[in-house]
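Only one chain is shown below, in structure tokens, and it's the form predicted on its own.
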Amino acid sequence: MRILMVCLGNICRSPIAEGVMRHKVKENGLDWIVDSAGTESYHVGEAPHRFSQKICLKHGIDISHQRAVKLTADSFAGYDKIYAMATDVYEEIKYLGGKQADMTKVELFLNDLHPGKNESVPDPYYGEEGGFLQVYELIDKGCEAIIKNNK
């Protein structure tokens, strides 16, 4: 299975989700490919936010090699599942995909953890380091649920 994690700028939530999911995929011996992207281009080429890197590293996951990329309409062809970190991101994925937007592949990231609630992962970008820990913990649980529901 090929999975794409998507947030706004691809430096906070989705890089954490990519790193955590890759780590869990390896631990579970799954043959999954995991990447991430953003719906906006203002961080393209940048490494994940310093707090995203720091919190992942505290949990034994190095995401420093990741670089922000922008989601395009062509992204739909390369992935089986596209997980939106938030409802606004979901809507932007639909818009960016245009006629190529196969929305049957797209769902909100937390729906595996809390089915049908359509909850968003909070964006920690403007907050302090503690907000990144809360986001990490939520993403960790979400990744567990995705693996459990898709094995």
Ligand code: 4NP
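Note that the coordinates shown come from a computational prediction; the quantities given were computed from them, not determined experimentally. Numbering starts at 1 and follows the sequence shown.
Although not depicted, the form predicted in complex with ligand 4NP is the subject of the following passage.
*Which one, 117-125, 24-32, 56-64, 92-100, holds residues whose non-hydrogen atoms are within 4.5 Å of ligand 4NP in the predicted bound form?*
Within 4.5 Å of the partner lies stretch 117-125.
*asked:* Residue-level question: is Gly9 within 4.5 Å of ligand 4NP in the predicted bound form, judged on heavy atoms?
replied: Residue-level check for Gly9: yes, a contact with ligand 4NP.
_in the predicted bound form, His43 touching ligand 4NP (heavy atom, 4.5 Å)_ = Output for His43 is yes: heavy atoms within 4.5 Å of ligand 4NP.
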